[in-house]
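In structure tokens, the next block holds one chain alone, the form predicted alone.
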Amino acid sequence: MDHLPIFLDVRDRPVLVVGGGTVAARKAEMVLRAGARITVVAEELSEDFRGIADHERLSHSRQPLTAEAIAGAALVYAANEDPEIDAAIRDLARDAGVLVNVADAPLNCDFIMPAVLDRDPLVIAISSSGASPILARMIKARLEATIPAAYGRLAAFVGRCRDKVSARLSPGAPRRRFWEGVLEGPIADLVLTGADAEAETELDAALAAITKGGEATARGEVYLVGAGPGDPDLLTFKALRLIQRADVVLYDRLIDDGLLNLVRRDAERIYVGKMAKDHTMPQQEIGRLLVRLAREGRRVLRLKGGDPFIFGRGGEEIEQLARAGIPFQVVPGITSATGSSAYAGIPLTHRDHAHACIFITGHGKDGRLDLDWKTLLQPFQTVVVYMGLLLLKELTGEFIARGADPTLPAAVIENATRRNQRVVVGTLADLYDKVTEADIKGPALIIIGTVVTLRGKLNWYTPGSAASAAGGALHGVSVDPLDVAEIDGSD
């Protein structure tokens, strides 16, 4: 270890930042966040100081730096970005016995600045000992994606409750086990959702139960989580946190191995997927199972493709939970319509094509379509059909029979956002034949409207493309229009 990692208390202590440019501004911002009183020594301050120049704890000095000024500082930052000037400041600081940081010169530093993940009061510092600051920042970015901002609230809650726990529980294993239960259980969930008062009530009850010689009654909970259309990278931070906390997961047909791999290894997995005319478990039975598992004190994850409240029957499930008095959390997911259209390069709205977008289900009762055709046939709108593949022939036929232009563009997107995504583009008149020829099996989404023609104006990187495999996001460049009958994607 080349550097001793410490966290230094500089609240209300004087710190010198020498320099007026971008690097000096970044140093000053960081130290201000830690509560220090800063003097910036520079002829002029650059535009980078705009947001902090008037801060009550920052003063600007144009006077030449003196040994006396340095001697009174807790820390010195040499950030002129001129090696000779910064080296002279370093010598002055070391002569005065003050720790100094020289920007971009780790060998001349008494201390270095790590990449910082700030979830105040929880702070994580990442350092490469100056070898590769860019790598440290990359690791910080990955941590940003896995440690929610609300963890700062959780750390503050624990800090507020430490004294009462310490007063009632012995040091060592009893106290440690208690805090592990708090941080891994429903009390932490309450804090992370902003319900601090309720969390403290639960904590007091748990303390009372333990100090009376018993154990706090385990309280189960259900997490109704939208997993998005398929790509695990489209999960929200909150969804990922709850997925990794659950004791048991009930998952649908649309949840693939990439998502299930995020579940704890010791969590029980129960498949409850449904296909047309093939329901592994009836909907009412799924609801009853959620209630039973939660009453056993388990944290139950109900993992659904897309969004739970858009044709996901999430409303029915939370009705059963509410009637049974089971606590639950709902985490929205990117619905299949937005995920599919984005990865296929088809915008759902566009001011030249569609001023509105309607989501419908093609999962007709008893094989019949019962739709508001007057609403669906309005101009300048996009119609997105969920679960309509089995009735595609009837659906497109009804559109035409009720007055839609047979040449109206339409598309079917299979396995949206996954590496095996495929897109079939055609018209109401020929889409069914093209889908049949392509042997599309689903899961699939149907998009109807002139926005489909915009796909031909952009060359979108699909999830299975070489660019995507290299880590590229969805980008577009202008190309010649593609044939509207195009079928693409990786096999």
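Counting begins at 1, following the sequence as shown. The structure presented is a predicted model; accordingly, all values stated were derived computationally and were not measured.
Although not depicted, the form predicted together with a small molecule is the subject of the following passage.
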| item | value |
| --- | --- |
| Full three-residue contact with the small molecule in the predicted bound form, heavy atom 4.5 Å, for Tyr223, Glu317 and Gln329 | no |
| The small molecule in the predicted bound form: contacting segment from 239-247, 77-85, 203-211, 299-307, heavy atom within 4.5 Å | 299-307 |
| Close approach of Pro443 to the small molecule in the predicted bound form, 4.5 Å, heavy atom | yes |
| The small molecule contact at Ile413 in the predicted bound form, heavy atom, 4.5 Å | yes |
| Contact label in the predicted bound form: Leu290 to the small molecule, heavy atom within 4.5 Å | no |
| Close approach of Leu254 to the small molecule in the predicted bound form, 4.5 Å, heavy atom | yes |
| Contact residue in the predicted bound form, from Gly345, Gly312, Pro409, Pro186 (heavy atom within 4.5 Å of the small molecule) | Gly312 |
| Listed residue (Thr335, Thr382, Asn101, Ser341) with a non-hydrogen atom within 4.5 angstroms of the small molecule in the predicted bound form | Thr335 |
